[in-house]
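Form predicted on its own, single chain, as structure tokens, below.
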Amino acid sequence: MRRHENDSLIIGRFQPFHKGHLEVIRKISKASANLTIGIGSAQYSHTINNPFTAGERYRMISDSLKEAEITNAYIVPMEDLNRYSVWVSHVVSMSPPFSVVYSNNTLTRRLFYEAGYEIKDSPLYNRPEYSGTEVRRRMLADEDWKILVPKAVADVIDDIDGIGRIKGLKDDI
């Protein structure tokens, strides 16, 4: 299969999608003809670390990209296989063509490198503040979490009673 030279892939759990993710995607989308955003661990939801469904995360990302006027991105939910020998081919089969993979995850970098893809560091954006863990922590603590996410994400979380879901899940910790 022909790889598209300036098309890129980034994969994340986006639990939830936050302003750090948006800034990283903004930078990568400017450097790419097309960007595929893989929603990783798409099969997981309704746990304290993965509270949102793939569909909810899709909506968060899609609505945020519209607000940010990023038009060269595709969003693809991707389930985990837990079989590293076939994971890259699984991702490739689920995605539009790409030649560059942005990741800071050691295993992801190694697997795509061994498969012949160009690997680039995913640019970090104020990582101590912008993390899904911090957003979820603030939600549980009734602290201001909305300043960490795009308005579109806050709207989706409000619409699905995401705070109620997360608070209900904390009892399962």
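Since this is a predicted model, take the numbers as computed values, not measurements. One rule holds for the numbers: they count along the sequence shown, beginning at 1.
Keep in mind the form predicted together with ligand ATP is missing from the figure; the text below concerns it.
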(message) If contact means a heavy atom within 4.5 Å, which one of 59 to 67, 111 to 119, 127 to 135, 144 to 152 is the stretch that engages ligand ATP in the model of the complex?
(response) 127 to 135
(message) Test of understanding: in the model of the complex, would Gly12 fall inside 4.5 Å of ligand ATP by heavy atoms?
(response) yes
(message) Can you work out whether Thr47 and ligand ATP are in contact in the model of the complex, taking contact to mean some heavy atom pair no more than 4.5 Å apart?
(response) no
(message) Although the partner isn't part of this model, could you tell me whether Gln43 comes within 4.5 Å of ligand ATP in the model of the complex, counting any heavy atom of the residue?
(response) no
(message) Considering non-hydrogen atoms and a 4.5 Å limit, does ligand ATP approach Ile163 in the model of the complex?
(response) no
(request) Spell it out for me: taking ligand ATP in the model of the complex, does every residue among His21, Val24 and Asn104 have a heavy atom no farther than 4.5 Å from it? (result) yes
